[in-house]
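Laid out below as structure tokens are two forms of one and the same protein chain, each shown alone and named structure 1 and structure 2.
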Structure 1
Amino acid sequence: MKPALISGMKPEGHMHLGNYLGALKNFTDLQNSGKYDCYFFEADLHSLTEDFSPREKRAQVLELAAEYLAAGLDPKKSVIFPQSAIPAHTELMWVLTTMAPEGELRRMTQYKDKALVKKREVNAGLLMYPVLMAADILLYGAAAVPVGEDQLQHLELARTLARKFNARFGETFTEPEGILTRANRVMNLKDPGKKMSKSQPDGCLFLDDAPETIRKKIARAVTDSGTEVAYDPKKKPGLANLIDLYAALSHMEPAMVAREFAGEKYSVLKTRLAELVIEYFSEFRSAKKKLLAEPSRIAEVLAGGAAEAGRIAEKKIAEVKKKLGLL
């Protein structure tokens, strides 16, 4: 029996290149490695901590599922489902909440950062976010969780809560191990000091951008003073960002890319990068468009995944309730 692996993404609108290189590409690589029983969910409950309209949320859930499938996640190889379809996620979250120290939740780096950005009272969902994440992981006996460095603190909380429950009520949960994904920090094309974000669409490459839009955005990307193509993230952050993108999509190291374009103008690198992005996501754009035209097909995949995930989750939450002395 293979170890279980679980991860998810929030449905929040068009996926950009940073989302793909930071998470979705790793999902497909791990699925296709054949080493794990994979569970990939839409973290739609997590996404409720941000402003939304019901109509918008439904569209986002369908779109993320289409992006999962278009990028190569296969319902024959992985269980793909929406988090909200499995009541056991929030049931287990409450159980774990009773064991989670409030002070530790307030010290979570991401919570503190968001509280500073909002500069006003934040909703309690942002505070409890890591406990729901722990429930997402522990329900399925996940031995492996692909995470970036910014999620390690949350993963450690899941491990701590698993140990606490096991010590008090008997062996129930697997302590998950993190699979550190390659950083692939994709920076804003207009401001290389900030991560790529949909809040600044002119500096953000969306996976389904039209070819001409991709060419214009990359052509207008900030580079640096000088004319030499060299990889130096500190002195030439704008140029380094473009080189990093080229390297990630061509399976090359940044230094190799810099050597390939040595002696060329920045415009040559930009032109080649634009064509690489266009070609790399050509099939993705076509597949996503076709999937969104058949929402019933997407719904069928999600319903099938939810049924399979639900069987496992219900068995685990029943075990938890029994150990707690609940009827």
Structure 2
Amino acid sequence: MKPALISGMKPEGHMHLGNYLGALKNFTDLQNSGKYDCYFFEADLHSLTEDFSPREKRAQVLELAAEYLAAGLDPKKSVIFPQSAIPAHTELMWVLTTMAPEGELRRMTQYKDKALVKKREVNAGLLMYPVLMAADILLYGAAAVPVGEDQLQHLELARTLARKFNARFGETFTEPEGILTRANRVMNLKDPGKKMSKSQPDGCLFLDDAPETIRKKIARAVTDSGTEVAYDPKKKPGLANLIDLYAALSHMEPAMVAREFAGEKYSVLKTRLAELVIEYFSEFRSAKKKLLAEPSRIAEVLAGGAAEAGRIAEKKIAEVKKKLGLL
């Protein structure tokens, strides 16, 4: 049996280059490596912690599934499903909640960031978010979890909870390891000190951005006042981010990219990068559009995945209940 691998993304619309390079591209590469039994789900329950409307949510669930498939996730190779279709995720979450240190949850960076910017009341779902994530992972015995760097803290909690449960109730869960891509922290084009995020749209390249918008955003990317193209993430973070993006999309090493553009103006790199981004995602965009024209096919893929995931999850939750002494 191969080791299990799991990851998920929230259906919230507006996928950006950071999500793609930090997570989705890696999902496809790992699936195609043939080394793992892969599970990729939509973290639709996690997405309820943010404001939404039901009609919008439905469209976002279909859209994310279309993006998964357009990026190359294949229901013949991976189990693809929506988290909310499997009740065992929330059942296990409750069990883990009773073992999760409350103070640690309050100290999670993502919680603190989100709680700080919320003007209205912070919902308790934001606090429990990492516990549901731990349940997602532990339920499938996942040994590997590909995520961006910002999720490592949550993964650490999953490891802690697995250890705690195992120590108290006997060996039940696998401690998961994170898998990072090189592009695990794509930076904001307008502020290379911050990660690219949809909350700052002008520094963020969305996969659905029109070619003209992509050209404009990259042309306006903040770089240093120097003129020499060199890869130096400390001294030239803005330029290094552009080089990293070019490298990731052209399967080159950053040093090789810097050599290729040596002696050129920054604007030459920017123009070539914009064309590379436009070209790279053109196939993705048309595949996504085609899939979205057939929502019933997408629903079929998700239902098939849910049936398969459900079988595994049910077994695990039954084992957990038994170990806890529940009937």
Ligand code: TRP
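Counting starts at 1 with the first residue of structure 1 and goes up one by one along its sequence. Each form is matched to the other, and the largest set of C-alpha atoms that superpose within 1.5 Å is called the rigid core. No experiment lies behind these values; they were computed from the predicted model shown.
_Form predicted in complex with this ligand - structure 1 or 2_ = Number 2 is right.
*residue 53: with the rigid core matched between structure 1 and structure 2, does its Cα shift 2 Å or more?*
No.
*Indicate whether residue 273 shows a C-alpha shift of 2 Å or more between structure 1 and structure 2, with the rigid core used for the fit.*
Where the cores coincide, residue 273 still shows a C-alpha shift between structure 1 and structure 2 that is 2 Å or more.
_Taking 2 Å as the cut-off, check whether the CA of residue 259 shifts that much or more between structure 1 and structure 2 after a rigid core fit._
Where the cores coincide, residue 259 still shows a C-alpha shift between structure 1 and structure 2 that is 2 Å or more.
*With the core fitted, just quote the Cα shift at residue 244 between structure 1 and structure 2, in angstrom to one decimal.*
Its C-alpha shift, to one decimal, is 3.3 Å.
*Once both forms sit on the same core, give the Cα displacement of residue 203 between structure 1 and structure 2 in angstrom.*
The alpha-carbon displacement, core-superposed, is 4.6 Å.
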